[in-house]
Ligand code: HEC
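Read the single chain below, which is given as structure tokens and is the form predicted on its own.
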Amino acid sequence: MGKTLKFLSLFMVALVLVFGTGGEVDAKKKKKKIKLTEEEIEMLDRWEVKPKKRAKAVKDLRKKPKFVGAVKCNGSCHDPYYQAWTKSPHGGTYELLKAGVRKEAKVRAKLDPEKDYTTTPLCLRCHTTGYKQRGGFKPAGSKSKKGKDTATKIDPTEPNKEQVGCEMCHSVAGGSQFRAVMKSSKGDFTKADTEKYGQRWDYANVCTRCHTHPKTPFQPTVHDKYKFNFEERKLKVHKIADFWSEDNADQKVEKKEERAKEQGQSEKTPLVIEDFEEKGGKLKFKKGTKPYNSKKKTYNYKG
């Protein structure tokens, strides 16, 4: 018995010497350094990001773009904007899809006022955030290939992806990356800095995605109030004046006026507007109309 134990001990030692331990392998993986590009170094230098924080910043910037929801903009970043948004028309778009809500308007547009439209693909594209895109809203009944419930959790007290949030107007494929820009730069970024990661500044253009889409039932021919005037509509989006307080006074966007003097690429040549339709009960984006090509990792601007 003693010889057997001695043999096993020697065998285990040999295995460790040859293959090492799992801990050593994990340690090597953790020690793997991220090599920064010259462009990233220039950007981080300009933002005065400390050396110890650079790897984390670049790691966040290199992640695939995805929708994260308006709640991410709340709290310590843009609380007044978030609070104002919850009271705006965009902050309640999902509610309009529910049965019995806005009956008169639905009847006028030849929709069934008693029908629940909260799972209707064509409606969800314009009434929620990022529907059918990475990280975007998923309606009730959504499941993974393994049958796991993947529907977006809805908190009535904290509007998020179930409404038309920040990213629907400000981003191309979600705000995960340019949130990292804002954090690393501490707000001192240029329009070009965030455009590299999918922020858009062609707001008058992007609003047409839904407000003048040929498939929307709420056409000007139905009622004059559906005539879209960007300058008038934008006044209803960020009524932040009533939402400043002692707690969020430090969240004022200091570089806003300075950035307004810049002209971003998306302002010079606006991004294409995705077109979509419903086929077989599913939402389909028409080929060549998406502003972001996830395979090529490029943005598509109008000619």
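Computed from a prediction, not measured in an experiment: that's the story for all the values here. Start at 1 and count along the sequence shown; that's the residue number.
Below, we turn to the form predicted in complex with ligand HEC, even though it does not appear here.
- Residue 50 falls outside the set of residues with a heavy atom inside 4.5 Å of ligand HEC in the predicted bound form.
- Looking at residue 54, you'd find every heavy atom of it more than 4.5 angstroms from ligand HEC in the predicted bound form.
- Ligand HEC is not drawn, but in the predicted bound form it has a heavy atom within 4.5 Å of residue 238.
- At least one heavy atom of residue 165 is located within 4.5 Å of ligand HEC in the predicted bound form.
- Within 4.5 Å of ligand HEC in the predicted bound form, a heavy atom is found for not a single one of 41, 46 and 290.
- The stretch that touches ligand HEC in the predicted bound form, counting heavy atoms within 4.5 Å, is 248-256, out of 248-256, 33-41, 56-64, 264-272.
- 106 is the sole member of 179, 132, 196, 106 with a non-hydrogen atom within 4.5 Å of ligand HEC in the predicted bound form.
- Residues of 195-233 placing a heavy atom within 4.5 Å of ligand HEC in the predicted bound form, in sequence order: 201, 203, 206, 207, 209, 210, 211, 213, 215, 216, 217, 218, 225, 226, 228, 230, 233.
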